[in-house]
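Just one chain follows, in the form predicted alone, and it is written as structure tokens.
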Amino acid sequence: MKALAEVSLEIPRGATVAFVGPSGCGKSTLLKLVAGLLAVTGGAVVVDGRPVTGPLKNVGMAFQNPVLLPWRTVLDNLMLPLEILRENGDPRAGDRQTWRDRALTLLDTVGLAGAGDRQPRELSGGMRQRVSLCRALIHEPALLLLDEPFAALDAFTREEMWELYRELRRAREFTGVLVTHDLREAVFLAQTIYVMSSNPGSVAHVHEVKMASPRTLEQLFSAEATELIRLMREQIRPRREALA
């Protein structure tokens, strides 16, 4: 059984795009293909002009579960990518002090200055997700893949994370690919939204978000945003009912 079929698209450098759709439509599979964690059985995935034939090096990933190592401090969790790069002889590893300075700067950027010596268990869910984003960005990747990274957070914290992502993108240049079930999140963060269908997964609709950037939470209550969210909900809902 095919997970994805006839998915053809191009993501501009520096943009953020979002994939929405019913559960099981292949959104997470698509992310794994882009990252090189799964091999394609047909067609090709090309990143920065080169076919993806294995795990990409210049990519960061953040998931719904922050997956912080509980026996390591926040700072040591952030330094984990350095250890992996060193073990693989990657020239990007550099010296530890450079990475430490970069980690402390990132923590300050996300409002966690002084938290480097704390344990993950001492942090709230939102704070752990901020650390997860920092870890995904510490090696300055060109591509950031986000698999429902804010879904487990309460509504207010989730909106704070949207604004944080907006500020991180303004401060650092990277291309973002977001998988989410939250249509408001997709409208706030993405320039283009792909609505996927199931069996097999494919892109059913494409929406360019025309709202001005940088976006504010107030814009999500505008007529334009409300209509786009309503339309996408209608495009997804019939497929959910058909699967029932």
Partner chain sequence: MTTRSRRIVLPLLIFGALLLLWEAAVPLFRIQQIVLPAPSGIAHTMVVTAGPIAFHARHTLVTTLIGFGAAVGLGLLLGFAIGASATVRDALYPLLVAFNSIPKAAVVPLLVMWFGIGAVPAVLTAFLLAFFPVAVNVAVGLATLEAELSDVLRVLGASRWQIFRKVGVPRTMPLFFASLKVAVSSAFVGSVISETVASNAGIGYLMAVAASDFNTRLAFGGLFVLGAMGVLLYGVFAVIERRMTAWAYAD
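Numbering follows the first chain given and starts at 1. Computed from a prediction, not measured in an experiment: that's the story for all the values here.
Absent from the display: the form predicted together with the partner chain. The rest refers to it.
Engineer: Where does the partner chain sit in the predicted bound form: which of 171 to 179, 28 to 36, 188 to 196, 203 to 211, heavy atoms within 4.5 Å?
Structural biologist: After filtering at 4.5 Å, what remains is 28 to 36.
Engineer: Please tell me whether any heavy atom belonging to Val40 falls inside 4.5 Å of a heavy atom of the partner chain, as the geometry stands in the predicted bound form.
Structural biologist: Result no; Val40 lies far from the partner chain in the predicted bound form.
Engineer: Mark Thr105 yes when one of its heavy atoms lies within 4.5 Å of a heavy atom of the partner chain in the predicted bound form, and no otherwise.
Structural biologist: Thr105: no contact with the partner chain in the predicted bound form.
Engineer: Please tell me whether any heavy atom belonging to Gln219 falls inside 4.5 Å of a heavy atom of the partner chain, as the geometry stands in the predicted bound form.
Structural biologist: Gln219: no, not in contact with the partner chain in the predicted bound form.
Engineer: Given that the partner is absent here, does Gly116 sit within 4.5 Å of the partner chain in the predicted bound form, heavy atoms only?
Structural biologist: Contact with the partner chain, no.
Engineer: Considering only 55 to 84, what residues come within 4.5 Å of the partner chain in the predicted bound form, judged by heavy atoms?
Structural biologist: Contacts from 55 to 84: Pro55, Leu56, Lys57, Val59, Met61, Phe63, Asn65, Val67, Leu68, Leu69, Pro70, Trp71, Arg72, Leu80, Pro81, Glu83, Ile84.
Engineer: Relative to the form shown here, do the C-alpha atoms of Lys32 and Gln64 sit closer together or farther apart in the predicted bound form, given a change of 3 Å or more?
Structural biologist: Lys32 and Gln64 sit closer together in the predicted bound form.
Engineer: Ser124 and Pro214: their C-alpha distance differs by 3 angstroms or more in the predicted bound form. Do they come closer or move farther apart compared with the shown form?
Structural biologist: Note: Cα gap between Ser124 and Pro214 widens in the predicted bound form.
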